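A single chain comes next, written as structure tokens; it is the form predicted alone.
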Amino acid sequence: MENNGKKTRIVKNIKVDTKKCVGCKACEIACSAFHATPRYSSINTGRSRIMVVADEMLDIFVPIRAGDHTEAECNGRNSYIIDGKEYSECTFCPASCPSRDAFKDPDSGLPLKCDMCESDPPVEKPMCVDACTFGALTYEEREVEVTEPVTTVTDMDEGLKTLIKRYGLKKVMDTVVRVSKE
């Protein structure tokens, strides 16, 4: 996108208001249904790109969206005390990593990452936001100036790297050849 000779891009963001979250997990259900194959054919919150960290006894609910995959565990571990209860840093971490099963596909083990429900045709806002009737999740877009192109590893690159690491290049290549002939 260009604006008066300056390059801009749209930054999409989901804001979380933990005071409004009641832990209903409608966001998890909507996300998993949207990302099912075929779309809306099943609900499996293990495939959701958002999860609600819950402490029902203290009435604390924190929706966390899946972030980037990391090959290594964190070096340090911090603790957070919220309303008198201690939580580990992993509790609120958005990464898929070797030390836990969060944000990994339950069947393949591939990392999951929030894609803001990008699709064709595009949806007005991510499904988790649309499903949140309590207003805990809100969606916003804003335009920012870009000085140089930002390159990111695509989800497909990340998925292929994980498959190769898990099964080996030959097995992945053989599978790609077999599937392409079907």
Partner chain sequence: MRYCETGFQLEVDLSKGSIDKVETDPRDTALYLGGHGYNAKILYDRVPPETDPWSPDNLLIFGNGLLNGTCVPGANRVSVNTIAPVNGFFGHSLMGGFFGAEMKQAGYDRIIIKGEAPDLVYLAIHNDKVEIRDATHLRGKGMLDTQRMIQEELGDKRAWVAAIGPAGEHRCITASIDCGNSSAARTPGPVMGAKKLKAIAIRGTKDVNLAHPKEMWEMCSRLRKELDANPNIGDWMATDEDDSFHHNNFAWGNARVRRKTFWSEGLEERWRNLKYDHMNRWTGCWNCPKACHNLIQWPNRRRFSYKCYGKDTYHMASFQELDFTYEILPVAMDLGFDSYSTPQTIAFGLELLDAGILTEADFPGMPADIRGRFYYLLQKMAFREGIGDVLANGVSGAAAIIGKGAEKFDHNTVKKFEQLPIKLGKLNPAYFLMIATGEDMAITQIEGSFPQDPIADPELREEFIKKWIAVPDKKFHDWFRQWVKRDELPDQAMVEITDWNECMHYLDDSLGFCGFVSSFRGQFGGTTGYHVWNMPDIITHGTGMEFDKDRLWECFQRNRTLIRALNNRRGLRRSMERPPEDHWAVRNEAYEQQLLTKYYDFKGWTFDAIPTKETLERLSLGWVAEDLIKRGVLTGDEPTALNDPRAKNEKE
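Between two forms, the rigid core is the largest collection of C-alphas that superpose within 1.5 Å. Residue numbers count along the first chain shown, from 1. All figures in this text were calculated on a predicted structure; none of them were measured in a lab.
Missing here is the form predicted together with the partner chain; even so, the following discussion is about that form.
Picking from 123-131, 138-146, 110-118, 66-74 the stretch near the partner chain in the model of the complex, with a 4.5 Å limit on heavy atoms, gives 123-131. Here the marked residues N78, C90 and E158 all miss the partner chain in the model of the complex; none has a heavy atom within 4.5 angstroms. Within 4.5 Å of some heavy atom of the partner chain in the model of the complex lies at least one heavy atom of C21.
By the criterion of a heavy atom within 4.5 Å, S41 is counted among the residues contacting the partner chain in the model of the complex. Within this chain, P106 lines the site of the partner chain in the model of the complex, having a heavy atom no more than 4.5 Å away.
When the partner chain is considered in the model of the complex, H35 lies well away from it, no heavy atom lying within 4.5 Å. Taking the partner chain as it sits in the model of the complex, the stretch 83-105 comes within 4.5 angstroms of it through a non-hydrogen atom at K85, D101. Once both forms are fitted on their core, the CA shift for D107 between this form and the one not shown remains under 2 Å. After superposition on the rigid core, the Cα of I82 moves by 2 Å or more between this form and the one not shown.
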